[in-house]
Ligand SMILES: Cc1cc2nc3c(=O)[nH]c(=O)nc-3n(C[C@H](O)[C@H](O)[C@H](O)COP(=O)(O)OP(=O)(O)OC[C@H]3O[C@@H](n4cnc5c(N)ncnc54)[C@H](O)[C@@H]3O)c2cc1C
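What follows is one chain in structure tokens, specifically the form predicted alone.
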């Protein structure tokens, strides 16, 4: 059994697919070591275990909308595409989505996955309450309202506190989005006018391979908001694309969400890729660092300097922004952030060397690696980047005293006190 990218072969002794929460509780209580696997879109061993692997896609589906229509509660099983369709059918929406709608809700929140937008927090920030199966097989409910002392440490938690079998998420009325792409926007303009570029629409992404001096800028506007149209036929010395684009130059845009300014439902525009196609470029590896937003220009300069060495290995690289949140292990904890994401060709040794080069230049600028992607930094050094890491270690000890959910990845990043 392996992850989506095929670079990780899971080492679990047993794989379980319980059909009910009660069955999942019995499995957890009996397991010496246990971990939950979501959609398998992580590129490292965050979800691996030598013991029992729990896959929750067999749990009952369904979405329960609150009476005031401000929240929705789901099990630990759905992917964003599935939840989004159901919400939209009820006239509701999530504020934000990641590039891929194929990823699981629980797994995405656990690893700090995000979309793009100056005012948009990561996906986990939408969580208002959770239900966990703890190591003794008992159910534990945690909410932002009632558990102020530990809720912020429980959402982006790397699966280290328990098996998530329920999530309550904030929702809002459904909205439309129109998406445009600008070709050949100079990287100089993006760096010099970064706040303008990424503040021009509800969600903005810039794609480049760092081997050229320009980027493709994807602008996702909400027509119901001020500034809900594209900035013009020419913008920052770039020009509106004359047809649909794929983030990886040369690939067919048939896999991508609607462009050319045609309005569509939020869940059919905020992701880059359509849920009914195999996403992205196929076999690939991914890495990502999140930095303080004020370091954006310096980060772009460093990546451009590395361009001749890393461009031959890249399929594409994406620049995004993420709003600050208060979740202890979120890469955007306490600071508005810029994310530098790399989608690599599947050549492991060369990619590891390239990631080390990038980390050498961007970590001193305040970079934090995405928990679900590849990084070269030692796990204990990654854990040390989080000022609430000590509080998280204590929370793990409190909720999982027998270390049932603490796999090698987590144990290395957050050693016992």
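In this text the structure is predicted, and so the values were computed from the model without any measurement. Residue numbers count along the first chain shown, from 1.
Below: the form predicted together with this ligand, not depicted.
- Proximity to this ligand in the predicted bound form, defined as a heavy atom within 4.5 Å, holds among 75, 99, 216, 128 only for 99.
- When you look in the predicted bound form, the only residue of 354, 27, 363, 56 with a non-hydrogen atom within 4.5 Å of this ligand is 56.
- When this ligand is considered in the predicted bound form, residue 286 lines it closely, a heavy atom lying within 4.5 Å.
- For residue 321, no non-hydrogen atom is located within 4.5 Å of this ligand in the predicted bound form, even though that partner is not displayed.
- By the criterion of a heavy atom within 4.5 Å, residue 367 is excluded from the residues contacting this ligand in the predicted bound form.
- Residue 383 falls outside the set of residues with a heavy atom inside 4.5 Å of this ligand in the predicted bound form.
- Looking at this ligand in the predicted bound form, residues 46, 111 and 162 each place a heavy atom within 4.5 Å of it.
- Per the 4.5 Å heavy atom criterion, this ligand in the predicted bound form is contacted by stretch 102-110, the sole one of 145-153, 261-269, 102-110, 182-190.
- Taking a 4.5 Å heavy atom cutoff to this ligand in the predicted bound form, the contacting residues in 346-384 are 370, 372, 373.
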